[in-house]
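What follows is a single chain, given as structure tokens, in the form predicted on its own.
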Amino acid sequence: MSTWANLGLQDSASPLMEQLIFFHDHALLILVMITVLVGYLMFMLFFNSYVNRFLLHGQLIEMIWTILPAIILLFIAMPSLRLLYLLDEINEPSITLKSIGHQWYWSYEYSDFNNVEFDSYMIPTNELSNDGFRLLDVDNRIVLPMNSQIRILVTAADVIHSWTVPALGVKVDGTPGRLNQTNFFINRPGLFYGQCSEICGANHSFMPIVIESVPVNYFIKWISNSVNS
């Protein structure tokens, strides 16, 4: 989760988020190099007192500043396209989770099991325990197994919502009447926090998402208790 003075991205908890962070660093490095080069040229031009009286055109320099940006754009576009296809790839899922956005809470259904569904509301500040996170903790967490391919189906009951968990690199719009899908793979246990990322009304800020990633045997116990209860 985000902490105070956290200027960078959150630590990744999935392979796709790792790739997104690598691409971010790659693109940022190229941008810094361009900024330094252009800044250096502008600085030198400001303090240049020489004038070329015979300069009419410079075909060589024009070719350089046309071809060089095209090559730089290729270095950004190729990793970007690779990552785009990786994000769209749907692997054979172990678990399917359906998330439905409401004003202003989420409801979840574990489609592979009978009668495992619940609503997830933010815990109000006056009911929060001492170790809870204000505006982030919920009364019913999503419990998912680690090291398993998980498919999530996202829709909404009223207005457009967006189901977002930054540590997993997941952001899916929930649109009324439509079913959007993506997949992710959690590679470590822990609690991962997210929030609705599409303005959906007065309490848009108060519908957080909490995923509890647990080993598979713990998940089997939890789902067995949920089915039996």
Partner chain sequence: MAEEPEDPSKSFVIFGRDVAQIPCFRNSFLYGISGGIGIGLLTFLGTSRTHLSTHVGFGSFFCGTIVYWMSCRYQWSARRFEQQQLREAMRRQALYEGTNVEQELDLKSA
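Numbering follows the first chain given and starts at 1. Source: prediction; values computed, not measured. In this text, rigid core is short for the largest set of C-alphas that superpose within 1.5 Å between two forms.
Not on display, but discussed next: the form predicted in complex with the partner chain.
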query	finding
Option touching the partner chain, based on a heavy atom within 4.5 Å in the model of the complex, out of I199, I64, L191, L37	L37
Heavy atom contact within 4.5 Å of the partner chain in the model of the complex, the stretch among 178-186, 24-32, 55-63, 160-168	24-32
Three-residue site L84, D119 and L128 fully in contact with the partner chain in the model of the complex at 4.5 Å by heavy atom	no
Contact test in the model of the complex: M42 vs the partner chain, heavy atoms, 4.5 Å	no
F75: touches the partner chain in the model of the complex, heavy atom cutoff 4.5 angstroms	yes
Contact of F47 with the partner chain in the model of the complex (heavy atom, 4.5 Å)	yes
In the model of the complex, residues of 191-229 near the partner chain [heavy atom within 4.5 Å]	none
Per-residue C-alpha change between the shown form and the other one, N6, threshold 2 Å, rigid core fit	yes
